[in-house]
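In the form predicted on its own, a lone chain appears below as structure tokens.
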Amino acid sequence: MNPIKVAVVGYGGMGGWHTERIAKMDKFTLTGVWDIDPAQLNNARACGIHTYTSYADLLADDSVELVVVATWNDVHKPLCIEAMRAGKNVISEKPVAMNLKELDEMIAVSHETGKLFTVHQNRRWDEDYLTMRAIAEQNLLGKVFRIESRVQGSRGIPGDWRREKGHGGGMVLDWGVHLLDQALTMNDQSPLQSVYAQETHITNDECDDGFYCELQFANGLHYSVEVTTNNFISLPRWYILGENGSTVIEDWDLHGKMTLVHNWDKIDSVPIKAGTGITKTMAPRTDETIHDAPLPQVHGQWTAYYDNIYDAIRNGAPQTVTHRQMRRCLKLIEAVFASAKTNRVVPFDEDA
């Protein structure tokens, strides 16, 4: 094995996360880190990690083949471009750029230099997402017509640069990019037709502290995405409706169940009391027509992301997170912002 030598830019939360894991992988060797904050460099040195004196110092290290950029969102573009032009392959933390124009410039430099350029979309390997995707793709509920995906917190936006619009703060660019990428990835072959979105500004006027959006795909799937930071009673992480059943996944630990219909023809019911009236339509099905089933067991292996990076650099394999997918996700983010600003449904042009 010929390990790839990696340097990390930014030694904050995600930068530290990358360095810790790179150090444990046989296919990669950590050369060091650089951060603009001297305190973070001291933290790295205290962990026995080599620190570069400047970004130029890092890029001048000819042994470095791969640079991981884990900085504020607004400086991803210049750092990634400079690294590629210095002959380095690049992984950017998400969101890959502030807008589609920036991303197109970065992709152009990747083509110009012949260097790998991708973004770290680690949530594609979350087991709750992989379980939901397996349920849909294996038709365990019959044709799925609605998926609800949400993450919910109760502490507002973290008290750092994520609160500042100039640095790319806000929940659309923080958690939204994960959930939107998941939605697009599982529907990679079905065109997205329209987007409707709303932002919230409960705890922060400058940046969105939450958002909600509805995505309509050409295959008939309605897919809703919700991120909140001012919620004190959590709704399920996933709720999935199919023609022959429903599934709830409560949380990342995969608490949940599937309820399936096994006798569609028996639809007669006895009216039940409902509030101040009665209803036959909303009466529950009897046990003889439905049954509960456990969730399928799907295991995610996050290291598959870095395995692909190694194969792409060493063996010319296609990268898992492609330029097309990166563009599609950022285009969707722009549509979310546009819809929330105008309070209108925004058509989505896959070819633009």
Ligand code: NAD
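Residue numbers run from 1 along the displayed sequence. Bear in mind the structure is a predicted one, so any value in this text is a computation, not a measurement.
Another form exists, predicted together with this ligand; not displayed. Remarks below refer to it.
Participant: Tell me which stretch of 34-42, 282-290, 318-326, 303-311 has a heavy atom within 4.5 angstroms of this ligand in the predicted complex.
Facilitator: Checking each option against the 4.5 Å cut-off leaves 34-42.
Participant: Within 4.5 Å of this ligand in the predicted complex, heavy atoms considered, which of 161, 252, 125, 145?
Facilitator: Comparing distances to this ligand in the predicted complex, the residue within 4.5 Å is 161.
Participant: So in the predicted complex, is this ligand close enough to residue 169 to count as touching (4.5 Å, heavy atoms)?
Facilitator: Result no; residue 169 lies far from this ligand in the predicted complex.
Participant: Taking 4.5 angstroms as the cut-off for heavy atoms, does residue 116 touch this ligand in the predicted complex?
Facilitator: Outside the cut-off, so no.
Participant: Does residue 66 reach this ligand in the predicted complex if we count a contact as any heavy atom within 4.5 Å?
Facilitator: Judged by the heavy-atom cut-off of 4.5 Å, residue 66 is well away from this ligand in the predicted complex.
Participant: Would residue 22 sit within 4.5 Å of this ligand in the predicted complex, counting heavy atoms only?
Facilitator: So residue 22 does not count as contacting this ligand.
Participant: So, 153, 228 and 236: all three within 4.5 Å of this ligand in the predicted complex by heavy atoms, or not?
Facilitator: Contact check failed for every one of 153, 228 and 236.
Participant: For the stretch 76-99, return the residues whose heavy atoms include at least one within 4.5 Å of this ligand in the predicted complex, in the order they occur.
Facilitator: 76, 79, 93, 94, 95, in sequence order.
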